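Take a look at this one chain, the form predicted alone, written out in structure tokens.
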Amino acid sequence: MAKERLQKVMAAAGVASRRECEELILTGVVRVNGKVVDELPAFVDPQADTIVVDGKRLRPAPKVYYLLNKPRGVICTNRDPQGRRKAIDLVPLSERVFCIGRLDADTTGMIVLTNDSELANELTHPKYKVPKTYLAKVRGRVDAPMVDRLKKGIWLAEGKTGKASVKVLKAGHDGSLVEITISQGLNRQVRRMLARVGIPVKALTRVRIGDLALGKLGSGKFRALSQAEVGLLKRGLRD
């Protein structure tokens, strides 16, 4: 079997996300066939090599997939020096999982947690342009020129965003409800896009990733995804 990158093998076994596995390797807690590996790149044969992470031998974990409705104030990382509540803390599992598609602490809604690193990397890779849909409760009325600017793309520090799908679901002088779908993953992108056109956000919730919807899952609740639902996530990668 051809050798694979060590961090990829670790992530596939459910240790952590690939980036976090790279950090673990660099800290010197990974041994391959009894020898410390603390430099990258590093390659292993997962079928023949003995890999030990922080004293525990690496064994392939069954793939698991969970849907979480993330509450406000919860962060999407596996490690936090500040001790804040993490999304993974809300899903007590024996398997080590990580988040696909992070949300900032103030944004609520749909998070997929899994130990399938390949699916995670594909769903977040820019080339697949997996759409993500958000509902934004905003202050004031959203007018047609604002919607047109959002649809055409907004200039941010990283450059111009791609075209967005935007629908005003409810409009009022004091507040509006806007549905916006994007296919990028820039940091706090939806909030920044809305702010750039003068739309203050009161609350933001992600309700869909690709063809998979959050549905009526309550805040802070989670459930396992069915094989059919995992297929919905993967379908957009084949289209």
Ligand code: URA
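Note that residue numbering follows the sequence shown and begins at 1. Just so we're clear, the structure is a prediction, and the values are computed from it rather than from any experiment.
Missing here is the form predicted together with the named molecule; even so, the following discussion is about that form.
- Checking 182-190, 209-217, 31-39, 166-174 against the named molecule in the model of the complex, the stretch whose residues place heavy atoms within 4.5 Å of it is 182-190.
- Shown alone here, residue 120 lies farther than 4.5 Å from the named molecule in the model of the complex, counting heavy atoms only.
- The named molecule is not shown here, but in the model of the complex it comes within 4.5 Å of a heavy atom of residue 104.
- In the model of the complex, residue 53 stays away from the named molecule, with no heavy atom inside 4.5 Å.
- Looking at residue 98, you'd find every heavy atom of it more than 4.5 angstroms from the named molecule in the model of the complex.
- Only one of 64, 199, 44, 204 lies close to the named molecule in the model of the complex, with a heavy atom inside 4.5 Å, and it is 204.
- Contacts to the named molecule in the model of the complex (heavy atom within 4.5 Å) from stretch 114-151: 134 only.
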